[in-house]
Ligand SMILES: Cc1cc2nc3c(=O)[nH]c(=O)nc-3n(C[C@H](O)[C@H](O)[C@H](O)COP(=O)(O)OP(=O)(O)OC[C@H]3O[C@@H](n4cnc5c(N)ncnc54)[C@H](O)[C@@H]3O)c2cc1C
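Below you'll find only one chain, the form predicted alone, shown as structure tokens.
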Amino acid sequence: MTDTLKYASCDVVIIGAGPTGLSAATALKRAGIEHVMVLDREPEAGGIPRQCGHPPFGIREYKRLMTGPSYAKMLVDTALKADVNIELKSTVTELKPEGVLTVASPEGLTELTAKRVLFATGVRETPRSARMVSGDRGLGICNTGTLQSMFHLKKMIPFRRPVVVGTEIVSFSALSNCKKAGICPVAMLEEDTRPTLRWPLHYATHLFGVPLLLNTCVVNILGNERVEAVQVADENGSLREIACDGVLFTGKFTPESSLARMSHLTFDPVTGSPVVDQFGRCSDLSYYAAGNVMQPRFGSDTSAAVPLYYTADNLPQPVKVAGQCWQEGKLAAGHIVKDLSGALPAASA
């Protein structure tokens, strides 16, 4: 892995060094594609799992139970052994037609050309600002990614008795992180009539000893230097205060697709993802997209390029877990290999 770009052109460039990108890169190299480059803006490869100090990771991919950091290291080591070129601290700033990229690295701006480009940029949690939650800006407000980064990478604890907002799978991951850090959430809030994570997994709140409040949303955060309480509303609009020292916003993921949004590629404003065909190809056929950056339209048919994963009660999952992204990376790599050899069929109507 390096911090500077080695090549001005290559066969395939992958944007994002998480499970999707590293899986695709490894599969491409094993299929005989010579020059495969993975770009990532972070100083370390592995994606979000490297911040998740808990299992289960790796069961599908490596047939073993792993924590996030050990899983991320395995992904990176596997890619490096396959001779994948991973370029860190490298941010793609512009997409141009036919696989031409502008990349900012420690050496400055570089123009990079690839026969094919794969988006594997994943998703991000919706922050407080986009949730329209008013109130003071005291210390103790963060999302799951920030909590994981602070605790597992920086050994810091942002609060002791927070309110957790959301009931997605990442929300319960946050509860696990809280328990390890000695943090005792005072409540988990869900604005809907039932948890997003379906039966029976949402009963984990009882195991963590955290009250689950349904039909409840945060409308105001109180406290100047630090969060002191939140004002919440129930389904009837009745207000009350919950004393706490922090607010942990979890889930409500949106695709990390700002590059596609600002580019010449056709963009779907409903899903927040690039528009792709059944093989994951974008409107410019030099570009592909896979993993969590691709959010399907729930309730409609989906292509083989964008598998739609379901919860136990047959409802679409809001976000794919690492193993599913890893599988999609392999699938995308297979399509790209066929494409480069001229064997990929035309897009269906």
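The structure presented is a predicted model; accordingly, all values stated were derived computationally and were not measured. For every residue, the number given is its place in the sequence shown, counted from 1.
Below, we turn to the form predicted in complex with this ligand, even though it does not appear here.
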Query raised in the report: Would A333 count as touching this ligand in the predicted bound form under a 4.5 Å heavy atom rule?
Result: no
Query raised in the report: Should T26 be counted as a contact of this ligand in the predicted bound form, where contact means heavy atoms within 4.5 Å?
Result: no
**Report entry** Non-hydrogen atom contact V230 with this ligand in the predicted bound form at 4.5 angstroms
**Finding:** no
Requested in this report: May I ask you to check whether R41 falls inside a 4.5 Å heavy atom distance of this ligand in the predicted bound form?
Outcome: yes
Query raised in the report: Which of these stretches, 253 to 261, 274 to 282, 205 to 213, 240 to 248, has heavy atoms within 4.5 Å of this ligand in the predicted bound form?
Result: 253 to 261
Query raised in the report: For the stretch 50 to 80, which residues lie within 4.5 Å of this ligand in the predicted bound form by non-hydrogen atom distance?
Result: C52, H54, F57
